[in-house]
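The form predicted on its own is given below as one chain in structure tokens.
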Amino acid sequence: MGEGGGMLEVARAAAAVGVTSATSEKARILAGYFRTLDDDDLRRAAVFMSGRAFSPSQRRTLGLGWSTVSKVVESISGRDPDELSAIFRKHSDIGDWAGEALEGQTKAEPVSLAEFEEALETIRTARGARKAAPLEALLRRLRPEAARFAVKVISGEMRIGLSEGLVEAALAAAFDLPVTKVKKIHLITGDIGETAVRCKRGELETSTVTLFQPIRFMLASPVETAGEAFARMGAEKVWTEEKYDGVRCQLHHDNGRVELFSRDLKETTGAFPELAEAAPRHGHAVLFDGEVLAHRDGKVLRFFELQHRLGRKRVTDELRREVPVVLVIFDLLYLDGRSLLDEPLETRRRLLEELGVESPFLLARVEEATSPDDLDRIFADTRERGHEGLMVKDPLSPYTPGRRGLAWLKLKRPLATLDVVVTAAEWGHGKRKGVLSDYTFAVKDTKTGKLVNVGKAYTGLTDAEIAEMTERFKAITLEDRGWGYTVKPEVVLEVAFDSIQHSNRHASGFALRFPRIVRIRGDKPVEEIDTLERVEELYERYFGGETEADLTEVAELNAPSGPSPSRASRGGPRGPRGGRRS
């Protein structure tokens, strides 16, 4: 164990980070702590400080809910529920709540980071209610300040102003490295613990891809107009892809072994067995970046259908028949021992086309635009098919894992706006602790005369507006629910959103996706808010049916590749017409 490799030391370092607002000081404090650790404890501490119980490479989850944590803390503390509720309202943070609730009730034994890691593994492997026992055994050994940190890690809610970016900055300071170099290592490893150890050892290679170790996905920056897209990208031509209504997926294959990873780098192979079964057929070692879509009989099914497949470790034959899937591939990052990250997109696309992939693998449809007018036309065609927008890409760009730069852009505009009424307001977290910042909202069902919820928004208002709304909601509270208030429905908001999906969580049967508040409608009475019928109308217009995918295009797609988009004014292989990619 390194000099600082104990729970008390890591908790004190975290507490010191939490009480300073200056990011440079946070990094300096953490760097000093990191320098005291040996390799094993450095790996652990970097993971824990980033708010994770396990590193991404371990592909593990605790499976421990807030309810179990709260019951264990309540049991150890001996406090009554009202007192515990008051403590939680004071902090609005489960870790800080646990730390105060446990004061004077634990043994305060020394616990190493290795022992904490072992306790987390015991909790992970326990089933159901049996998880409570190892959690209680752990917390009873810790000082309250260490228990505070442990619960923050267990809940995944660090909330001390310490992002992975600041952990990267601390590693750079600790081992005298440029922060850009640390970030690049992290983007390749996808694992802050592994990154920390490589930095300490001086292992700084940043272009190597290791199959079955997921790398960070390249991200896109949002733009709202075609002119802005061309101006920001600074390119004479751009490529476009429709934003697919699925889930981002990385597929790794080599010598018959196949593993799939989600956007948060969790393994999802079990959820899509048909992809794992089919991948070895093309006979190459590859790393694909793409989107899993629900897809049947040449049609792309809506995301609502795909949700039945998500999060499953095992998929029945019946579910495979009901919700078949395909992987729409839009990038190739590794091929037969060669990393392609630094190759331009047009080269990666050409190599991808030459693979001749077959169903259930498809290639993303690509079109080329040489002016804002071109791009507006393609966007209009896409919106007419009911999709929210386009991916816009520079064909000369390398693949930069984890970066949200200007080489990939998201051209999107709100599908519509609705006037809604707030029915509940929840306490915020982090910078919004102490204010009501998350608003559940409803429309009117004219058939029953009742209000029915269709979503929750927490972006769009200024800090001043949120503070004003907090006082207003307090004044019209109907019930204090602890986490927030149900309120008298009289505050009308205009909300924008990107799409609509079916939802069992709301009585309306619908949920707006990615809603954000446009403005507070103080001028509009509740009687004039939008209706459930309006929501249904928008859903039927844009999302009600399956999206057509031309079977001829799919057949062409899987035939030997035609002209690359880089050599054609528009077009190239065309795949299914999908919806959203975030």
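Just count from 1 along the sequence shown to find any residue number. Note that the structure is predicted; figures quoted are calculated from it, not measured.
Beyond what is shown, the protein has a form predicted in complex with a small molecule; the following relates to that form.
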Exercise for the section: With heavy atoms only and a cut-off of 4.5 Å, decide whether Phe441 touches the small molecule in the model of the complex. Expected result: no
Exercise. Would you please decide whether Met391 lies within 4.5 angstroms of the small molecule in the model of the complex, comparing each non-hydrogen atom pair?
Key: yes
Using a 4.5 angstroms cut-off on non-hydrogen atoms, would Glu343 count as touching the small molecule in the model of the complex?
no
(message) With the partner left out here, check for me: in the model of the complex, does some heavy atom of Glu168 sit within 4.5 Å of the small molecule?
(response) no
Exactly one listed stretch (481-489, 71-79, 402-410, 116-124) reaches within 4.5 angstroms of the small molecule in the model of the complex by non-hydrogen atoms, and it is 402-410
Note: exactly one of Phe288, Phe149, Tyr244, Phe261 sits with a heavy atom within 4.5 Å of the small molecule in the model of the complex, namely Tyr244
From Arg248, Lys237, His429, His502: within 4.5 Å of the small molecule in the model of the complex by heavy atoms is Arg248
